[in-house]
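Below, in structure tokens: the form predicted on its own, a single chain.
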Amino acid sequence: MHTVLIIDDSDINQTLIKALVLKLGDCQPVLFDNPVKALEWCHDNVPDLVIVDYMMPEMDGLKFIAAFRGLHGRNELPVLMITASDQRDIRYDALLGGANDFLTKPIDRVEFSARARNMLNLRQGQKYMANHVQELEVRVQERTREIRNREKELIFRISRAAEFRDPETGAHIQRMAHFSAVIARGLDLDAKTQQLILEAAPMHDVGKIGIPDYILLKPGKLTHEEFEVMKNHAALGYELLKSSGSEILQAGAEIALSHHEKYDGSGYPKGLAGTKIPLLGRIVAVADVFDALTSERPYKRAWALDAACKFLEDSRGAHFDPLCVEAFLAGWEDVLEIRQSFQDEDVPAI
């Protein structure tokens, strides 16, 4: 059903145009004798065709069209202006001012029918295109969501591939990723960045794929030479991820390279200090160390939560960015909930 807005201060003209509109079929005429009130109606309603007379009190047809076109989403709607036969200049102004077509008085029924149908066909085409575009947008969103979900799954599996060669667990990468998001939220980072770090943080140790088993799985303390090899996993992870076109993998590369840097400059691989360390790396450093301390492994017992929190507090400004530690502790209720949601599989007794 098409909505046809008719604006004319003459009752006789309104009656005639309404009758002609009804003969078109599948049309619902809406009548106004006052253009100002018609314009108010247009703020909340979208007609499929506007038929407006030129000579009217308070606001003539040209001014109405200009105001109508100024409303949001009304720029392309078809407008048909009615003028007197000797108002050639007015018709030119109407076309230049936004009218799509015009009729002259007295109105010819055949001409009215043809012009009105053309305008309604134009509107029908606009609706079809709008619906088609909307459908395409929905499809694109669905495909994008599918691709992103596959990307997230791939990222998790890559992260787990590194963890399989390490005494860590899949729950560890889930916990530390969510801890990282808690810190990002506590730092008032935008929602997009919070989601980015949640998805990228699990790749922090992906470079361990390139570390020999005799070092990675050594139960005792590493020698100086072995530790130097182990430190290479930060650069290896960066090299593995840096060339990706994915924003998530690029963030993962940054995290992999920087999450072992320390706030006082004593970390590795570059010895960066303070805010020269990328923010994502500073955030993940807190999340990763806390979860490592409080997780039981075959080679160590889990620290008590109070002891781990004290370690974070004591290491402010040395190992960790003080603001990141503060944000982590401020989200303590969320931290406890995350620990409950992502628990390790059974760990062999020490």
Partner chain sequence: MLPAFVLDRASILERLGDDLEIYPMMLDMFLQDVENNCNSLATSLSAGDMPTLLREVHTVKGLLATFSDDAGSAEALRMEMQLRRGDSSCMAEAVAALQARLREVAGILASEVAG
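Numbering follows the first chain given and starts at 1. Computed from a prediction, not measured in an experiment: that's the story for all the values here.
Just so you know, the form predicted in complex with its partner chain exists too; it's not on screen, but the next bit is about it.
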**Prompt:** When you measure heavy atoms, are T15, A84 and D108 every one within 4.5 angstroms of its partner chain in the predicted bound form?
**Reply:** yes
**Asked** Is there any non-hydrogen atom of A302 lying within 4.5 Å of its partner chain in the predicted bound form?
**Response** no
**Prompt:** Hey, in the predicted bound form, does L20 get a heavy atom within 4.5 angstroms of its partner chain?
**Reply:** yes
**Prompt:** Would L323 sit within 4.5 Å of its partner chain in the predicted bound form, counting heavy atoms only?
**Reply:** no
**Request:** Determine whether any heavy atom of L31 comes within 4.5 Å of a heavy atom of its partner chain in the predicted bound form, and answer yes or no.
**Result:** no
**The unique member of A292, A67, V36, M55 whose heavy atoms fall within 4.5 Å of its partner chain in the predicted bound form** = M55
**Message:** Within 4.5 angstroms, counting heavy atoms, which one of the listed stretches 98 to 106, 235 to 243, 142 to 150, 190 to 198 is next to its partner chain in the predicted bound form?
**Reply:** 98 to 106
